[in-house]
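Listed next as structure tokens is one chain, alone, in the form predicted on its own.
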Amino acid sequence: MRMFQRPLFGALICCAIILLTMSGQARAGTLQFFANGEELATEGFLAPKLTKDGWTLTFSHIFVNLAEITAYQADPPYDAHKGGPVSAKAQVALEGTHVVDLVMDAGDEPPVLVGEAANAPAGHYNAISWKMAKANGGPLAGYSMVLTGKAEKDGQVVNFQLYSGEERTYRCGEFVGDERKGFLEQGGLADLEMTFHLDHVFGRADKPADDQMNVDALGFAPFSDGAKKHDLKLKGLHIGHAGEGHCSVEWH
């Protein structure tokens, strides 16, 4: 009798595995990851939104090298002001390293699709993290972020190239914007965004001078000497956001 029970038991186990796999697939969806430099990247710093020191900026390229991109169903919700690692009941990573041009890849309509992860568990992805990593090759080799373009003020025109080799990890809570993001239903599609606030680098002339963002921002004057290539130091500047939501920054 036992000789017949063993094949039957094995068949039942196989059926259970198949059913669990099918059930898991049904619960999964697709999670898309976007990068966004917003209008200041695609249109530039134009009046009245000049830099804090009165320069007009237009960008030809803003390259960023993105790695270790991960979405979380954070529990409890991530507190970016407190910082530290994200505690999550589920997380999904976008494999690989991705070079994105926040200007040319965006066309007329940012944000830029970086990639997508299939078979992501359904649920609310209310946190995201990513690393700004030095590129190993290509035009970004040795750098994590490169900005090129043209600056103008009082008849002076400067063609600039700004290079940042600093590595850092941003950890952000829920996306803050016109609509909430990250709600992935069974078999559905949801998205999250890595947002770059360039006014934290250059400041804004249409904001009060004592606004903390303007106090911290570099402006463009440090790069206006006509030298073609500059080293861009970003440490202490909070460029990375999730929409308008703040992120903690770990510098490496």
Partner chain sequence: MRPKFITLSRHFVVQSAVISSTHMNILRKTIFLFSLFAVSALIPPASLFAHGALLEYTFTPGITVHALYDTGQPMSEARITVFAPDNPSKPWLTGNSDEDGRFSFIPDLALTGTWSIQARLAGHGAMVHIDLDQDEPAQALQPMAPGFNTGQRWLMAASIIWGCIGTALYFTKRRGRHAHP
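Positions refer to the first chain, counted from 1. Source: prediction; values computed, not measured.
There is another form of the same protein, the form predicted in complex with the partner chain; it is not shown, and what comes next is about it.
- Proximity to the partner chain in the predicted bound form, defined as a heavy atom within 4.5 Å, singles out one entry of Glu95, Asp178, Asp108, Asp154, which is Asp178.
- Only one of Gly165, Pro121, Pro77, Gly83 lies close to the partner chain in the predicted bound form, with a heavy atom inside 4.5 Å, and it is Pro77.
- Looking at the partner chain in the predicted bound form, residues Glu174, His200 and Lys207 each place a heavy atom within 4.5 Å of it.
- The partner is not drawn, yet in the predicted bound form one stretch among 180-188, 60-68, 29-37, 42-50 has residues with heavy atoms inside 4.5 Å of the partner chain: 180-188.
- With a 4.5 Å cutoff on heavy atoms, Asp231 does not count as touching the partner chain in the predicted bound form; it lies far away.
- Contact residues in stretch 231-252 (any heavy atom within 4.5 Å of the partner chain, taken in the predicted bound form) are Glu244, Gly245, His246.
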